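One chain comes next, on its own, written as structure tokens: the form predicted alone.
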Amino acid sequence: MARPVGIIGVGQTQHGRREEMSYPDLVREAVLRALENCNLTPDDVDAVVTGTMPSMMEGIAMTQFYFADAVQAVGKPILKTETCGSVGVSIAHTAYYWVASGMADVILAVGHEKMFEGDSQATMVTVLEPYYQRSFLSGPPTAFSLQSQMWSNRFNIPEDKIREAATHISMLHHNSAFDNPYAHVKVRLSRDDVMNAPVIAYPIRLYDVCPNSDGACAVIFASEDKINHLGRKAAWVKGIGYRGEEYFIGDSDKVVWRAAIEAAKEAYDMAGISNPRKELNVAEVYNPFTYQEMIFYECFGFCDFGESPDLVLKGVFDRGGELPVSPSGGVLCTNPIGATGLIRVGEAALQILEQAGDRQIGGVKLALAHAMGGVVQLCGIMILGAHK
């Protein structure tokens, strides 16, 4: 029987172009903020889980050793987890299992990336299979362009309706970023700004796409006994789910996306959720592209397939709507890839802990955090609750 596990501390850097700071110091900024958030010291931490995108993006091999001092891991066990874009939620799952199994009482989970010091596009193009996929996909925007067009065609959704819904999502999240002191991209956008922005890979336009960001996030997981001893409020892990599928993008359905559907179902079953749109109070969906965000709504059971654009335009997923999504501004405004999925977990925890500041949604008792990664074939979910 797994032990109850809760999140008691969250720390983030200011995300953006952090040229004034070395990479280890950037990581240290998040770690110290997480420890300060829950009044712990490095001596209270039993072990550390860390991760980034693959080392080719970092330009540094074995980053767990390079950052050992920054993550306060000297003399402690350390694990490194790498699953590309989903690495942040993979780190969170690893930390959860370490505590739930009884192997540790306090785990520090740290995700980080300094994307302006590397070449992310070169990395994400060259990780693709070299003889077939690499020559025509040219990285994530092209892959997700194909996905969005398949979705539109599969469910006969008019392109102009999807474009309006994507514009609504972009404006919503970019406005929300102004209430998040850590967010990277903060820009007021009009409907015309988004609708008429340059095309990146049709139908995806500039403000439908996430940025490159420097940043780090640290989250502290603890056992029930430790949380009770400290007398702290916790965001309790209620459910987790993780699924992967075929490496070749064309070998799996990326519209009725089994990895996303089954990861969500596993987490819902563990958390006892049967109607996610009604039972969840907030969701931090991994949304690097506006079009893909709507596909996730459908795969996660927030609505039926083909229905999400209508619900977006009705405001169902707005901050004041039935199920607020990404009140932090989400991945669309902040994307230090190794940290991005863990930021979703941290933001969900802050909502439960009522520490989200100006981006706080009232009365949050159940929150979903999500990340997607690999070569578009991995999805991970973590459900957090106010009660065990």
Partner chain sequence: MRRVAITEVAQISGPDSKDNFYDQAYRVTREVLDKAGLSRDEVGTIVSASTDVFHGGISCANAYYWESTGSFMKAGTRQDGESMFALHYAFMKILTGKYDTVLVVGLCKGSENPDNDAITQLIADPFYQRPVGLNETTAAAMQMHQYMEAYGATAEQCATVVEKNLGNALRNPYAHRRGCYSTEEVLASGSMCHPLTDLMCAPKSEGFIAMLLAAEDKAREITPQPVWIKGYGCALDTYFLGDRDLLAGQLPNAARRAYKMAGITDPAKEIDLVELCEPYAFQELLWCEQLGLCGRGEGGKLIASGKTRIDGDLPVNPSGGVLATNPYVSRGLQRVVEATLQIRGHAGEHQVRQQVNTAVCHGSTGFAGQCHAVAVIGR
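Residue numbers count along the first chain shown, from 1. As the structure is a computational prediction, the values presented were derived from the model and not from experiment.
Note that the form predicted in complex with the partner chain isn't included here; everything after this is about it.
**Prompt:** Should the three residues 69, 100 and 242 be counted as contacting the partner chain in the model of the complex, with contact defined as a heavy atom within 4.5 Å for each?
**Reply:** Yes, all three are in contact.
**Asked** Residues in which of 227-235, 196-204, 280-288, 118-126 have heavy atoms within 4.5 Å of the partner chain in the model of the complex?
**Response** Result for this chain: 118-126.
**Item:** Contacting member of 313, 74, 150, 187, with respect to the partner chain in the model of the complex [4.5 Å, heavy atom]
**Value:** So the residue touching the partner chain in the model of the complex, by this definition, is 74.
**Message:** If the cut-off is 4.5 angstroms on heavy atoms, which of these, 304, 192, 246, 160, is the one near the partner chain in the model of the complex?
**Reply:** Exactly one residue meets the criterion: 246.
**Message:** Just checking whether residue 60 would be counted as a contact of the partner chain in the model of the complex - the rule being heavy atoms within 4.5 angstroms.
**Reply:** Yes, residue 60 sits close enough to the partner chain in the model of the complex that at least one of its heavy atoms falls within 4.5 Å.
**Message:** Although the partner isn't part of this model, could you tell me whether residue 94 comes within 4.5 Å of the partner chain in the model of the complex, counting any heavy atom of the residue?
**Reply:** Close contact exists here: in the model of the complex, residue 94 approaches the partner chain to within 4.5 Å, heavy atoms only.
**Item:** the partner chain contact at residue 255 in the model of the complex, heavy atom, 4.5 Å
**Value:** It does not: once the partner chain is placed as it appears in the model of the complex, residue 255 has no heavy atom within 4.5 Å of it.
**Message:** With the partner left out here, check for me: in the model of the complex, does some heavy atom of residue 82 sit within 4.5 Å of the partner chain?
**Reply:** Taking the distances in the model of the complex, the answer for residue 82 is yes, it comes within 4.5 Å of the partner chain.
**Request:** Taking the partner chain as it sits in the model of the complex, which residues of 256-278 have a non-hydrogen atom within 4.5 Å of it? Please list them.
**Result:** Those in contact are 258, 259, 262, 266, 270.
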